[in-house]
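As structure tokens, one chain now follows by itself in the form predicted on its own.
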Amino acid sequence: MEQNPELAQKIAADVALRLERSKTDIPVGVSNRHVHLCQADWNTLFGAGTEPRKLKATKQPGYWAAYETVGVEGPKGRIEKLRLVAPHRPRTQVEVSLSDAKVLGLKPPIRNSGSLDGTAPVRIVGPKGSLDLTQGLIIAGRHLHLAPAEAQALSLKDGDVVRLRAGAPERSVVFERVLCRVSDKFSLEFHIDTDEANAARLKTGDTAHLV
């Protein structure tokens, strides 16, 4: 069989990179159902002239969970107390799990955050009013947040797709198609929803590793 030294060298380098990457502990962030609101929709739901109140910071710099919550409704049911994550965004986005979607009787697509065109409709109910969105309900695609220096250390760039292993030994899961999102507004954290976390017996603060 003819040998290909260049291919062998490339394979060896790739294996070495993967082994080195796998040494880094990556914090897991389990994302429960929540909502991001634009300013106009906040005004409708909570009243103009008011502002969200900070409950606690998230690991991502500049983002925080608010005291305020909303209800969401679909043709089959309603879910109460979806937490608002602030500050406001240009477009309103509601993130639920597949289990939540079945309770609502809706079929949201799996989308990257902010990619809302053609997504599912949903009704949002607040203390001052309600909204009937024609789109904006999604199941968030799993993703990995990284600051630029963190991405450089792992030889990753924005838009890369990777695999991570995480979970209790008897329930360990390899998560495929994890989108890398690199920004100076981010901090190293692997985001999954509650369905995915439950499958692997994961909780916020556990660690994952690139494979």
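Residue indices: 1-based, along the sequence shown. Since the structure is predicted, the reported quantities are computational estimates derived from the model, not experimental observations.
There is also a form predicted together with a further copy of the same chain; it is not shown, and the following applies to it.
*Asks:* Taking a further copy of the same chain in the predicted complex as the reference, which of Lys185, Lys157, Arg53, Arg165 has a non-hydrogen atom within 4.5 Å?
*Replies:* Flagged contact: Arg165.
*Asks:* Please identify the residue among Ala149, Val174, Ala48, Ala57 with any heavy atom within 4.5 Å of a further copy of the same chain in the predicted complex.
*Replies:* Residue within 4.5 Å of the partner: Val174.
*Asks:* Where does a further copy of the same chain sit in the predicted complex: which of 129-137, 98-106, 116-124, 80-88, heavy atoms within 4.5 Å?
*Replies:* One stretch meets the cut-off, namely 98-106.
*Asks:* Is Asp195 near a further copy of the same chain? Define near as a heavy atom within 4.5 Å, in the predicted complex.
*Replies:* Flag for Asp195 set to yes.
*Asks:* At the 4.5 Å heavy atom threshold, is Ala199 in contact with a further copy of the same chain in the predicted complex?
*Replies:* Flag for Ala199 set to yes.
*Asks:* Is there any non-hydrogen atom of Arg142 lying within 4.5 Å of a further copy of the same chain in the predicted complex?
*Replies:* The answer is yes: Arg142 has a heavy atom within 4.5 Å of a further copy of the same chain.
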